[in-house]
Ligand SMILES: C[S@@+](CC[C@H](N)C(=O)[O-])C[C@H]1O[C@@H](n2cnc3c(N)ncnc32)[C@H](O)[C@@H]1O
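Shown here is one chain on its own, the form predicted on its own, set out as C-alpha cells.
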C-alpha cells in the first residue's frame, strides 16, 4: 500500500507560526520563495489582470534586510540539526538576503541559478531570465543531499518549464515556480516521509511537489485570499500517489 503523505496549511505571519509548529516536529527541509521587494506594477504583464491578486511587496532596503534576518533566523531554529533551507530570489534585493544570512549560523553550500527562456523585454539593459537559488545547511558535515544526475550542475534549465509558459500555472497568484524545479529541490535535499516546510506558500506549488514526492508538508501563508488558490493547486482533499522519481512527473501532472 502506498503511503499518503500528510499536508497542512497554516494562515498567519510565518515569523510567529513557524516556531509554534516546529515545537510539534522540526522540519528536515524548508523552501522559501519570499516577496522580492520590487513593488509589483499592476499595469505590467499579467499583474494588471483581475485574475491575479497581488500581495504586499513594498520594502525599503532597511526593512527588507530586517525582514530577511527575522524569517531566516526563524527557519534556522525550526529545522532539524541536519536540516536544509532553499531560498529562491530575484537579483534586485539579493544582497540583503546574503547579508542577512551572515547574521545566522547557516552555511551557504551552493548558489545555484534557475535559467528560464523568457523575460520581460528591456531596451537599454539585458533581459532578466534567471532566479537565484541558495542552498543553506545547518551542519556542513551532516545534511541530506541526493544528486539527481551524475554531473548535477548549479545551473538548472527546463526549456518547456519557464516563467512564461509553465503548464501547471494557475490563475490567482502572480509568482509561481514550476513543479519540476520544486520537485528537484525536494528530492535532492530530503527523504521520503521527511517533513517539508513551505514558507511563503503563495500558490501552494511546494505543497503539491512535496505530496507527489511522498514527503509530509506544512505550508505557511499570511494572506487568507490565497487559501482557495493553494487548496486548488495542491489538490487538498484529493489523493496523490507517491512518485518514485521525477521521470514520471510529467505524466502525473
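Residue numbers count along the first chain shown, from 1. A quick note: this is a predicted structure, and the numbers were derived from the prediction, not measured.
Quick note: we don't show the form predicted in complex with the ligand, though the next part is all about it.
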Exactly one of 223, 26, 69, 191 has a non-hydrogen atom within 4.5 Å of the ligand in the predicted bound form; which residue is it?
223
Can you tell me whether residue 13 touches the ligand? I mean in the predicted bound form, with a 4.5 angstroms heavy atom cut-off.
yes
Is residue 175 one of the residues lying within 4.5 Å of the ligand in the predicted bound form, judged by heavy atom distances?
yes
So in the predicted bound form, does residue 214 come within 4.5 Å of the ligand, heavy atom to heavy atom?
no
Exercise: residue 197 in contact with the ligand in the predicted bound form, heavy atom 4.5 Å
no
Check for me: heavy atom within 4.5 Å of the ligand in the predicted bound form, for each of 33, 36 and 201, yes or no.
yes
Using a 4.5 Å heavy atom cut-off, indicate which stretch of 176-184, 89-97, 108-116, 152-160 touches the ligand in the predicted bound form.
176-184
